[in-house]
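Okay, so here's just one chain, in structure tokens, the form predicted on its own.
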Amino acid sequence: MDGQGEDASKVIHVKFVTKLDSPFKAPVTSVVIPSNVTRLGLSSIVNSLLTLEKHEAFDFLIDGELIRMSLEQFLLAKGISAERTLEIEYIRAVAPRKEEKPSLHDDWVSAVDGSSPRFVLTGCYDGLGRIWSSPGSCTHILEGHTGAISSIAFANSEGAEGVTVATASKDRTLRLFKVGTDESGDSTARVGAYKILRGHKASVTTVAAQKYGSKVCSGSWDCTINLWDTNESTSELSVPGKKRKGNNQAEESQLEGEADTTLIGHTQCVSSVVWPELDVIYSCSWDHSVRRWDVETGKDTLNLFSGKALNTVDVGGEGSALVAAGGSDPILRVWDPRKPGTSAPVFQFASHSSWISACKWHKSSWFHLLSASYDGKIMLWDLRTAWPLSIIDTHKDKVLCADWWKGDSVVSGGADSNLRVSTGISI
């Protein structure tokens, strides 16, 4: 018997199990499969057991770890005996099933926010913010900045009558916009800010909204983090500003706001901020650190050192406690601050080939997050394997920003001046 025949004669008894509902639930019965079968082969076997009309891609886990090599190699690497009947769990593969038509902008798309299921926000180097109800359908243009927009965020996306949007710009200001969401018609409405936030001494790089609150925070090349009130009411920190003409050409009052708190500690550009809890802010910087701030005291309570200038930070995963960050190398790092006495990352993902520009945790999964890079790719990750689950490479240039949208889509922008939407992702 030749080597190939001997290889093919090795078989393993397995039982496929799943938490998926019909029509993806296969009968739980022991089957015999070749030991050298790969993930694609396992997927074909499950499809034959399900007798689906359309082929569905699946991923597979043994003892909670995703299989990314042949079954035989996996068992050998993990020291798992093939003498017993193996229980293999299958899940739908995490990969886009459709690419929507791109939405072209006039310049680089530098910022995106997909946190509202109703809209996508984009910020652009042309100084304009845009609100999209669907790919290709821009409902509002947010105007007023005199420099490129570097970051954009919903300050309130739950309002019945409208949403509040915050933008950060290289012109050293932030602007707040109120946008009605019940407007109908095919035309794109142009909206001016109701409040301009001044106080940073250099380009503003990032803005994030307080969860369950009425404030936003921003980071800047001036190394500081400022906290701002989004309320329209005039206080000692909100002074009447210049008059502006609205869509109906009537003059409208425009407030100017000053920061009510400044957090000082970073020694270089504050490149990214997130505000996941009422009194907790996370930031990262080109000074190589990720910091956690107590909003009430203004002090940093955690300082993680990465060894690289950082561009992006996000908090999520198990217990919304894991910190992911990326920057001036191809490695996406994940820390677990709950582990005492260690500042080393608990995960490092190294499949990109250039700097990382964005990372985002999936809001309803402990395991899944995405990263975007100047290599033109977006990668979808699962903490249960070191390899990317899927690579989205539809951009023709650097990817500058990315986010999840509606739980099953990825929205992204880049130096190709496009907003791209990848849909049908099963998490």
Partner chain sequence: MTKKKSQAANEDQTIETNKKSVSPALKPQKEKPVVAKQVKSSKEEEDLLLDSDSGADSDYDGDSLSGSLNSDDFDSDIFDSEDDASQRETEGGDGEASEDELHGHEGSDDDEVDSENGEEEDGSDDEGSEEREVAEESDSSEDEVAPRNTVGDVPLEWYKDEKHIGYDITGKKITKKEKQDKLDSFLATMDDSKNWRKIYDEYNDEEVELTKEESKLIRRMLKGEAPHADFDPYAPYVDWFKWDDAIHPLSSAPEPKRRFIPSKWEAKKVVKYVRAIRKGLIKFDKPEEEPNVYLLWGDDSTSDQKSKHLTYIPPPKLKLPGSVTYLFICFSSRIPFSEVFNLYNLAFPGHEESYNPSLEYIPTEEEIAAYELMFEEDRPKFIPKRFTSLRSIPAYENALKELFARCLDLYLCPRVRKKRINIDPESLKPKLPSRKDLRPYPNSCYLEYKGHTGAVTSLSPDCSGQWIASGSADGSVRIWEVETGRCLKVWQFKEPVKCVAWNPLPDFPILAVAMGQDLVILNTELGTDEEQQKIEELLRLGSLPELDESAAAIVSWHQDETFGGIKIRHFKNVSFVDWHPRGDYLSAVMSAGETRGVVIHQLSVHKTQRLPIKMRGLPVCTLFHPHHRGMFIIATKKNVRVFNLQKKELPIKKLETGLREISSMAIHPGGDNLIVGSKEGKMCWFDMDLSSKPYKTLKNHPKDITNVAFHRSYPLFASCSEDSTAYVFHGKVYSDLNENPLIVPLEILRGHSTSSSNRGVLDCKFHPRQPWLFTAGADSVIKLYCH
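Positions refer to the first chain, counted from 1. Just so it is clear, the model here is predicted, and its values are computed rather than measured.
If you look for the form predicted together with its partner chain, you will not find it shown, but the lines that follow are about it.
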Can you tell me if Glu277 lies within 4.5 angstroms of its partner chain in the predicted bound form, counting non-hydrogen atoms only? no
Can you work out whether Glu99 and its partner chain are in contact in the predicted bound form, taking contact to mean some heavy atom pair no more than 4.5 Å apart? no
Taking the shortest heavy atom distance, is Leu400 within 4.5 Å of its partner chain in the predicted bound form? yes
Wondering, does Gly192 line up within 4.5 Å of its partner chain in the predicted bound form on heavy atoms? no
Quick one: find which of 72 to 80, 280 to 288, 255 to 263, 211 to 219 has residues within 4.5 Å of its partner chain in the predicted bound form by heavy atom distance. 280 to 288
By the heavy atom within 4.5 Å rule, which residue out of Lys339, Arg118, Lys201, Lys299 makes contact with its partner chain in the predicted bound form? Lys201
Let me know the one among Tyr125, Trp335, Phe154, Trp132 whose heavy atoms come within 4.5 Å of its partner chain in the predicted bound form, would you? Tyr125
Which of the residues spanning 106 to 125 lie within 4.5 Å of its partner chain in the predicted bound form, based on heavy atoms? Asp107, Trp108, Tyr125
